[in-house]
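Consider the single chain below, provided in structure tokens and representing the form predicted on its own.
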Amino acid sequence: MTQLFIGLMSGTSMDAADAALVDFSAGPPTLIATHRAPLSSELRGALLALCAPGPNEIERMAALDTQLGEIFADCALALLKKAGVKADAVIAIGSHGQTVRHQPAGTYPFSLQIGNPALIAQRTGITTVADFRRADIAAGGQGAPLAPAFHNAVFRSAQRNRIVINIGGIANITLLPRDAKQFVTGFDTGPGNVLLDAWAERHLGKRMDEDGRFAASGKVNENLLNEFLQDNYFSLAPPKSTGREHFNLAWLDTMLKNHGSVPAQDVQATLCELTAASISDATRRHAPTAEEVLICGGGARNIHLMQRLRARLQPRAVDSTEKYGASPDWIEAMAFAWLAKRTLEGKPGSLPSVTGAGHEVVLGGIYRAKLTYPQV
């Protein structure tokens, strides 16, 4: 008997809503079908504007919350149609939503995701779990990263020390010791694609640097790279997490002021090296015995970035999670399907050794589409 869940995800890059249909009935989770719904330039611009303080924020946020709820619901329904699966065959949807602010270290810590889950539940007829980060923050944690718990469930090996690196807009690392008695740890290493995408959009008019060709055409400016790496975030001890609030074009423009006229392609090459260097530095300091590196997220498709990671992480084997039967593009969406399952089972979904929470917590709020309770 199948145990079908849907994971909905929109990441820091804000380029699309991703939906993954996952079967958890036996053994490792099986990816049944996927669907991606690109976000319009107009919507993406409105979301980016909401990530920084501005006028009329509450009304803009509330309207975008509903608009994204409609988009996520449409994405889930399109996924079901593509898979030929009826809504009543799916136990629940896990919707990450779209992060618009993440400030877990302030006087009043919070992380805010929008994408109306009540609307998703009503439109699809499927119980929806959302708002995954708040409970961990309430327990004293960062509320991020959350993917390491899923990485631990799927990729941990009893034979080798592994790390999983998820390179979305922000990159995060999961340290998976082969010794089952050792805790899993993990944290955000810094920018993944967020600065690469922003610089490519400014200079190429495209949302991303496809295959890393723009970066490959330039030369790394070592002085600029060293200044990037002096940012205080990189020297913070875990647990730690970050986001677009910190690493953005304003941050980059401030850094560039002291370096005269650097060719655009050299800036891109240096940003690519920043992602590779911050990941490799985190590996060297926190996972010196790691033997295997698994890459997932959009960064796994950046050929130049993968080359730089292999060069910096040698002699470790560096591969996409594709090698282990898991598409790198869909790991995060699968993770939120898994987190929804954990929530309905009343089981914790985050790892205090990763987030810094004082204890394990069940994550998310449950928005029921019907009065009947789904069976897990």
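Numbers for residues come from their place in the sequence shown, where the first is 1. These numbers were taken from a predicted model, which means no experiment stands behind them.
What follows is about the form predicted in complex with a small molecule, which we do not show.
Heavy atom within 4.5 Å of the small molecule in the predicted bound form: which of Lys82, His246, Arg156, Arg301 fits that? Just give me the one.
Among Lys82, His246, Arg156, Arg301, a heavy atom within 4.5 Å of the small molecule in the predicted bound form occurs only for Arg301.
Name the residue from Glu227, Asp211, Asp131, Glu292 that puts a heavy atom within 4.5 Å of the small molecule in the predicted bound form.
Contact with the small molecule in the predicted bound form is made by Asp211 alone.
If contact means any heavy atom within 4.5 Å, which of 179-187, 166-174, 249-257, 215-223 contacts the small molecule in the predicted bound form?
In the other structure, the partner sits against 166-174.
Is Glu360 close enough to the small molecule in the predicted bound form to count, meaning some heavy atom within 4.5 Å?
Close contact is absent here: in the predicted bound form, Glu360 is far from the small molecule, nothing within 4.5 Å, heavy atoms only.
Can you tell me whether Asp23 touches the small molecule? I mean in the predicted bound form, with a 4.5 angstroms heavy atom cut-off.
Close contact is absent here: in the predicted bound form, Asp23 is far from the small molecule, nothing within 4.5 Å, heavy atoms only.
Spell out, yes or no, whether the shortest heavy atom distance between Pro117 and the small molecule in the predicted bound form is within 4.5 Å.
Pro117: no, not in contact with the small molecule in the predicted bound form.
Although the small molecule is absent from this view, report whether Gly11 comes within 4.5 Å of it in the predicted bound form, heavy atoms only.
Yes, contact at 4.5 Å.
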